[in-house]
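Next up: just one chain, as structure tokens, the form predicted on its own.
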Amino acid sequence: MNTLAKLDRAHVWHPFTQMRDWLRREPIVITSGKGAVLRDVHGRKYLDANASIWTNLHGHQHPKINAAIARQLRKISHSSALGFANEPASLLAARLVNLAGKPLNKVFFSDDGSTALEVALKLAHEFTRRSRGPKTKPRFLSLDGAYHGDTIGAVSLGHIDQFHKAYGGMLFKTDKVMSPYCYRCPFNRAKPERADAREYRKCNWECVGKVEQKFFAQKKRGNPYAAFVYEPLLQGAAGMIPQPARWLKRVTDIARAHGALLIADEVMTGFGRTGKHFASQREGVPPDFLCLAKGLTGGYLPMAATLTTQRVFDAFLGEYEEFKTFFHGHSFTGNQLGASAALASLEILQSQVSKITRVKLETNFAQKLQSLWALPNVGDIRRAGLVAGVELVRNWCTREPFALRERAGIRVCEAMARRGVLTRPVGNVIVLMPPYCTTPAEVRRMVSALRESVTEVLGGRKEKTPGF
């Protein structure tokens, strides 16, 4: 075992990792990257098939982002946003507002996805109290299977027991409502007739009805929801669950009708992942709060932003002694290096070359994924733009899941790593999220590694037959 691996095992505690499992094997120690390729301490190459946990947009060592950071380093790396402005953060705020469109025109910078949600929660909380009266106790609604980060406020919005239950005693109470998980929807009456062409939604929008019932019930209690919090188009940590067309517009119309603010968590879905700059734009649903992180800097540096409206901003204006100030902040708010990387990333994102490349990559990605339908342990393939989740099941006909103790997703990803492709599962769902620079040949390698690994680990060699 190399020295770096030994040091890691001796001292580093990894996130979302059972360290007993970790200590049983030699870790892959990444030392460099270029484009969609990572290299480890032994010189082995791997494809970065989940964009370094959903952050990297344009590939590693992109010359334009490297140059932007280098230019900023020659000026200043960081100065406080408490009482001072700076050039790159001001330019970035204007660029984000322009991309997001009306009514979003104010930007509060923070550090990561969790803090972006914390900002939105605190702002929504205080805005509601100032709108409805100081005795109001604002209440929030989010989706079943929600994951919005790991700080206390963000965890309070989460509804994945595996991640959140342990902290129940520390959290404030929020409510959840049925998410549109079409593959496992109890109301779905559709029966697949072909293994590679599944009709998911044959229902009467019962999931939308559940949302409406929830809002009406809370209104009857005399305390309408302050805000509805959601990931637009796709729930990430829930298992890459896409929302059917028009669902988002329907449920946000209900929320608006009941006076709730809209908090859109686009930490994963933003910056072109689902086709548009922001997923909210796909269905024409402008939120009151737009939470951004991960790809904001192109995957280079930790930085986040919460965009909001003039109406929310004005509720915090007052004389000094009124204490209407938004008492929240971070030491590295508006960091110059992060903002410079973000400006360069957005310039690349908006270039005509990048737009054409993403369209071609999405087409190629969608085509290559189709080959996975033939595997008997692939129950579902869910894709939104350049994000895909492949759900592994024991029996594709019955949709019987693997028990978590069987570590089906983890074992498949370990087999993929042996084939030179790195990703990480969400339970039994294998995530593929290629950087935008990924070539057709690299996409083919990613999908081939997944196909071969599923066959190796789960033993399924007999292909599905078309129909039952």
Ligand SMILES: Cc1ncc(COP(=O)(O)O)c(C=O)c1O
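All residue numbers are counted from 1 along the displayed sequence. Quick caveat, the model's predicted, so the values are computed rather than measured.
This protein has a second form, the form predicted in complex with the ligand, left out of what is shown; the following refers to that one.
The ligand is not shown here, and in the predicted complex it never comes within 4.5 Å of any heavy atom of R273. In the predicted complex, no heavy atom of Y46 sits within 4.5 Å of the ligand. At a distance threshold of 4.5 angstroms between non-hydrogen atoms, G149 is in contact with the ligand in the predicted complex. Not displayed here, the ligand is approached by D112 to within 4.5 Å at the level of heavy atoms in the predicted complex.
Residue-level contacts in the predicted complex: of V267, L143, A388, V119, one residue has a heavy atom within 4.5 Å of the ligand, and it is V267. Of the candidate stretches 275-283, 340-348, 92-100, 259-267, only 259-267 contains residues with a heavy atom within 4.5 Å of the ligand in the predicted complex. The single residue of 292-312 lying near the ligand in the predicted complex is K294, the criterion being any heavy atom within 4.5 Å.
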